[in-house]
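Heads up, the chain below is alone and in the form predicted on its own; it's given as structure tokens.
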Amino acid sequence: MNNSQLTNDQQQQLLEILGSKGLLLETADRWTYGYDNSRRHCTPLAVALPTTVAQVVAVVALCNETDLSLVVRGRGTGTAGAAVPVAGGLVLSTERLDRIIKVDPDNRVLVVQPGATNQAVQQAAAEHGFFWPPDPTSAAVCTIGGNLACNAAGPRAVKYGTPRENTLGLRGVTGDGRPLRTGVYTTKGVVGYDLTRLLLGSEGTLGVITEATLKLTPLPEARRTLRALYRGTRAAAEAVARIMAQPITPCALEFMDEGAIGMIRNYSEVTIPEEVGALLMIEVDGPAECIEHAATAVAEAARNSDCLELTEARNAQEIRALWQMRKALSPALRNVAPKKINEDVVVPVSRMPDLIDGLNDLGRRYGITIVNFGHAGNGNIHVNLLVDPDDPNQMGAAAECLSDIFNMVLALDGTLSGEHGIGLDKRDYVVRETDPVALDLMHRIKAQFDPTGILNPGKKLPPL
């Protein structure tokens, strides 16, 4: 694959497809599109800014014909390096493909282009009394295409599921430039193989998504938000298992350990006593006539002998303050450790106490501060290693620690990523989790969708 420079012919053809305003060639313009939230950076040879699906088809076909690598990018909020053009080549940004094509409340459907933000979709759905369940913390800026590419979900996934459960169909373009339609417009359908869910989470390695048909959910009549404070992390983790074992499923169940709490004390309107070693944010929703019973049932499950305090937010201001506290975590961590290592492992909920204990042990063993928080209701914990990348000894210890973390997660019947994706950062660990036969089939699938290997090369799957 020749990605050392854009040929005159490639440049001319791209200009003919996109026009001068749809192709960025100046170094300063291209530089901006070379990063994502993993802090990796590689400047692409050019940036395509299509405004029509026909342009996307033509660009992909040209890349396939001329052996030019292609990386699809939303807003660069991913953390695993999936949107970084490590092979050079062309970045295709979906930022101008941002139309909400249709809201169909009678059928609980919304059709949207990939460049629309998650927040724009939520606002459009809310006007008709609905929402789309996936709600990553970066919802204000992350795109629907990025959400689908990583199967990114957020807090509400514990009750309402991920994009895989809330996307009915897709339109896209395969690696050899063929327009593709997958899935259905209905909530049931079993014709053919399920290519929609194959594309979801594929991180742009199988095709370029150009349109999505999303399944909407009615906005709940009522909601209650609780905060539970615990003496230690194991007590909070055990409470999570108790909550998830009773009949009422919360719509959000967020966990913070002592380190995470310490990070946001100065960023939060909410006062947290010094003796608190862990915190749960719990939200329940549903019909107004049932909400008190639901909140009481979940609160009872959350209480144990090490629960120091359990309170309910009394008004909209207190609810907003609690969620601002949760959303302040990532910026606070980045201020303290700008180049922290951020992973999002998942274990069965019943194994969460063992995971938290194990992470604490590994932090002590390697002398690394590990801060943990995340979507505890489905066992998805964001593990943050606060390290100094300029200290080779610390980075060496971090690499060993991370390897042990992944081994522990797999031993607990877990998985290496819940929503951040694999990208480049976790690619070489995939062989620890994935069966060799399954991995071989995945490579064969990749070859069917992308026969010349132009789509996001070097990502998602380790080389054979």
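So that there is no doubt, residue numbering starts at 1 and follows the sequence shown. Being a predicted model, the structure only gives us computed values, none of them experimental.
The discussion below concerns the form predicted together with a further copy of the same chain, not included here.
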Completion exercise
Exactly one of Ile422, Leu49, Leu62, Ala398 comes within 4.5 Å of a further copy of the same chain in the model of the complex through a heavy atom, and that residue is Ile422
Practice task
Heavy atom within 4.5 Å of a further copy of the same chain in the model of the complex: which of Ala321, Val184, Ala140, Ala124 fits that? Just give me the one.
Solution key: Val184
Exercise for the section: Indicate whether the candidate residues Lys188, Arg197 and Asn378 are all in contact with a further copy of the same chain in the model of the complex, with contact defined as any heavy atom within 4.5 Å. Expected result: yes
Problem - Partner proximity in the model of the complex: Leu416 to a further copy of the same chain, non-hydrogen atom cutoff 4.5 Å - result: yes
Problem - Contact of Gly88 with a further copy of the same chain in the model of the complex (heavy atom, 4.5 Å) - result: no
Problem - Proximity of Pro218 to a further copy of the same chain in the model of the complex, heavy atoms at 4.5 Å - result: yes
Practice task
Evaluate Val437 for contact with a further copy of the same chain in the model of the complex, applying a 4.5 angstroms cut-off between non-hydrogen atoms, and reply yes or no.
Solution key: yes
Practice task
Choose one stretch from 35-43, 22-30, 54-62, 407-415: the one whose residues place a heavy atom within 4.5 angstroms of a further copy of the same chain in the model of the complex.
Solution key: 407-415
Exercise for the section: Go through 425-451 residue by residue and record those having a heavy atom within 4.5 Å of a further copy of the same chain in the model of the complex; state none if no residue qualifies. Expected result: Val430, Glu433, Thr434, Asp435, Val437, Ala438, Asp440, Leu441, Met442, Arg444, Ile445, Lys446, Gln448, Phe449
